[in-house]
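Shown here is one chain on its own, the form predicted on its own, set out as structure tokens.
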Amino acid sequence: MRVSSETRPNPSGFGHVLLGFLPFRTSALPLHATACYSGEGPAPLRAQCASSAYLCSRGPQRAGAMRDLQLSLNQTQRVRLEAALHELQSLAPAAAAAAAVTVADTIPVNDEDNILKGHGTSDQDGEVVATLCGVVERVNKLVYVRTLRARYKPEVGDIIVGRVIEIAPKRWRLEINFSQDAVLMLSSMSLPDGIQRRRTAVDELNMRSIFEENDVICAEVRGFQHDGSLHLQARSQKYGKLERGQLLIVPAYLVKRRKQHFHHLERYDVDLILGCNGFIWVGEHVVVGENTDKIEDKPALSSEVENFTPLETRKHICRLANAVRVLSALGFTLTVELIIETAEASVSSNVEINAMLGAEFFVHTAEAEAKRRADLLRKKSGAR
């Protein structure tokens, strides 16, 4: 049995867990996740996880989406999870909680201000009523409701991760969780030789050798085209094709815009890219820049050696990816610090990689986040 899909957004960072994921009437807890292979376990599990890893890197455009997985919670786990979530709700700022509305909630406004009713609002009996679930936003006299669980709304300069779905003349089309496909022009990216020059007909013929269908790409939003589609650019060496890793798809509102979206986790030798569009990449670290010239002088290695990822690195990738899956299912805002903390908590608790998607670690993560926020609030109160 599936729990109710009704949700009440909460800007405190755990928006959809209170009603959509709490098992009030059943012990089954839906967790959006995909099983990961850690290199150990029975053969059926290895086969299933190996196929999932292949789909993540080369499969259809929706292969990276996490599948529904039912988790059974016993009575003790249900009580612990409810207590943790209620504590998180009590720690939310009063102003943030008041800004969250559901359908038919009244939005307090001052009639003397001659406010403008925007998206997600309606006039009912002289009152401004919300027609969507989300957070009330005010810009001067404009009042509107910003939905949390909506598609990605891009801004110029956003770092995004997408998947190539079509190769057109002088351009690639990418799926980026937007209402329209994004466009990466051949003239808006660095060529493999790294030389800045005009693109020729030969470059256009060799486009498939650069990117082909189902390749995962990192790029930056350059602007909007006249038809509303996105124009991307990938002129820096940090952009381009992503290989030897996992692509995770989470709700876009869980990834906040920050100064840094590229993270090299030196301890794990893993690259973590938090795309503003909700596409997250966890993969083997790739060295760019200063070492590229040295690589050209070395003898060519076989494709198997070049594409080989050490087992220890693969385990780190799977552990970090499962940490993202657990945090996303709980509805916590995804930050590199929280992802690392969740992965390290699984190591310190001797939790196997595949067991991270189990009910016990799910509850443990919610309790740890509630304790972390309570301690942070206590420190702030003590500083005052």
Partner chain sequence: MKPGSKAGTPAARAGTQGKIPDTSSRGRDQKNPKNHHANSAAAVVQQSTSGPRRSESSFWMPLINNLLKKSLVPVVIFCFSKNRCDKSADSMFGADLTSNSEKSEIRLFCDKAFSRLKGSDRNLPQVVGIQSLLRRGIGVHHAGLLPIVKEVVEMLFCRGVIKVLFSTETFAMGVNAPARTVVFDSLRKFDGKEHRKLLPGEYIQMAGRAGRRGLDNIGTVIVMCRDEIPEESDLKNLIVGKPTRLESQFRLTYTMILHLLRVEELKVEDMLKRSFAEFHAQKNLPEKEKLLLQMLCQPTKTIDCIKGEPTIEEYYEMALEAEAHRESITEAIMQLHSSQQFLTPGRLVVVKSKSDDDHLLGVIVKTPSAALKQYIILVLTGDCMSSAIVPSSSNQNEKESGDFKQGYFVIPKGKRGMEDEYFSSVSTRKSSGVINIKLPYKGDASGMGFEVRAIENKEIMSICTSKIKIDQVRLLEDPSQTVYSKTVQMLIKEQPDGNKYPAALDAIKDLKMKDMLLVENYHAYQRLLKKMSENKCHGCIKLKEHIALMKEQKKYKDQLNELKYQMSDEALQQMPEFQGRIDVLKEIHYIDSDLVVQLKGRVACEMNSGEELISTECLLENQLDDLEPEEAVAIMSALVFQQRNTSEPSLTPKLADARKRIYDTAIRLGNLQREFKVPVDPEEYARDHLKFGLVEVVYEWAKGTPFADICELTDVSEGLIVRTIVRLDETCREFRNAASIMGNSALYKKMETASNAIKRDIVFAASLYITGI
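For clarity, a rigid core is taken as the largest C-alpha set superposing within 1.5 Å between two forms. What you are looking at is a predicted structure, and each value in this text was computed from that prediction instead of being measured. Residue numbers count along the first chain shown, from 1.
What comes next is about the form predicted in complex with its partner chain, which does not appear here.
Q: Which listed residue (D125, E266, D227, E155) meets the criterion of a heavy atom within 4.5 Å of its partner chain in the model of the complex?
A: Answer to the contact question: E155.
Q: Of these, R199, R149, H285, H119, which has a heavy atom no more than 4.5 Å from its partner chain in the model of the complex?
A: Result of the distance check: H119.
Q: Looking at 200-208, 80-88, 253-261, 180-188, which lies within 4.5 angstroms of its partner chain in the model of the complex, counting heavy atoms?
A: Contact criterion met by 253-261 only.
Q: Does at least one non-hydrogen atom of S236 fall within 4.5 angstroms of its partner chain in the model of the complex?
A: Yes, contact at 4.5 Å.
Q: Spell out, yes or no, whether the shortest heavy atom distance between K170 and its partner chain in the model of the complex is within 4.5 Å.
A: No, K170 sits far enough from its partner chain in the model of the complex that none of its heavy atoms falls within 4.5 Å.
Q: Can I115 be called a contact residue for its partner chain in the model of the complex at 4.5 Å between heavy atoms?
A: Contact with its partner chain, yes.
Q: May I ask you to check whether L132 falls inside a 4.5 Å heavy atom distance of its partner chain in the model of the complex?
A: Contact check for L132: no, nothing within 4.5 Å of its partner chain in the model of the complex.
Q: Quick one: name the residues from 122-159 with any non-hydrogen atom within 4.5 angstroms of its partner chain in the model of the complex.
A: Counting only heavy atoms within 4.5 Å of its partner chain in the model of the complex, the contacting residues of 122-159 are V139, N140, K141, L142, Y144, E155, V156, G157, I159.
Q: Superposing on the rigid core, do we see a C-alpha displacement of 2 Å or more at Y144 between this form and the one not shown?
A: Yes, the C-alpha moves 2 Å or more.
Q: Does S236 shift between this form and the one not shown by 2 angstroms or more at the C-alpha, the core having been superposed?
A: No, S236 moves less than 2 Å.
Q: After the core is overlaid between this form and the one not shown, has the C-alpha of T131 moved by 2 angstroms or more?
A: T131: C-alpha displaced by 2 Å or more between this form and the one not shown.
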